[in-house]
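Starting off, we have a lone chain in the form predicted on its own, written out as structure tokens.
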């Protein structure tokens, strides 16, 4: 029964998205730390993660969430507007940090609710 609840596809995807949110937070911290480094190129989650996620959500049950592997990559889509080649924008990083925090909060709430339902099923008590 525990495996049935914790191995559900949505729970597995939520765990992978939590991993991705933690990795994105590291990227944002690195970008902010290098805000004034000449020639630094911002990093973010590799775009193929979003493609993997879209492929998985388009075909539920056909691909395991285990195949989702978030990783960091240089952001090649953001243009540098500064003469030193650095393409990190303080405003953009702060916006991404807030967005990532909201996403992380939602995902932790979802995972907590899954575990709370399991605890309710085991103990028979709603807390």
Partner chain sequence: MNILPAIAVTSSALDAEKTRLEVIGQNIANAHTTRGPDGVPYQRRTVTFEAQLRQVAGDGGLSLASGPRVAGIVTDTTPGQAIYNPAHPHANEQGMVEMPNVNLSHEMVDLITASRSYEANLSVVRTARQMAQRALQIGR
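The model shown is predicted, which means the values in this text are computed figures rather than measured ones. Numbering follows the first chain given and starts at 1.
Separately, the form predicted together with the partner chain exists; it is not shown, and the next lines address it.
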item: Residue 95: touches the partner chain in the predicted bound form, heavy atom cutoff 4.5 angstroms; value: no
item: 4.5 Å heavy atom contact, residue 90 to the partner chain in the predicted bound form; value: yes
item: Contact of residue 74 with the partner chain in the predicted bound form (heavy atom, 4.5 Å); value: yes
item: Residue contact check: residue 37 to the partner chain in the predicted bound form, 4.5 Å heavy atom; value: yes
item: Whether 45, 52 and 56 all lie within 4.5 angstroms of the partner chain in the predicted bound form by heavy atom; value: no
item: Residues within 4.5 Å of the partner chain in the predicted bound form, restricted to 84 to 109 and counted by heavy atom; value: 90, 94, 97, 100, 101, 104, 105, 108
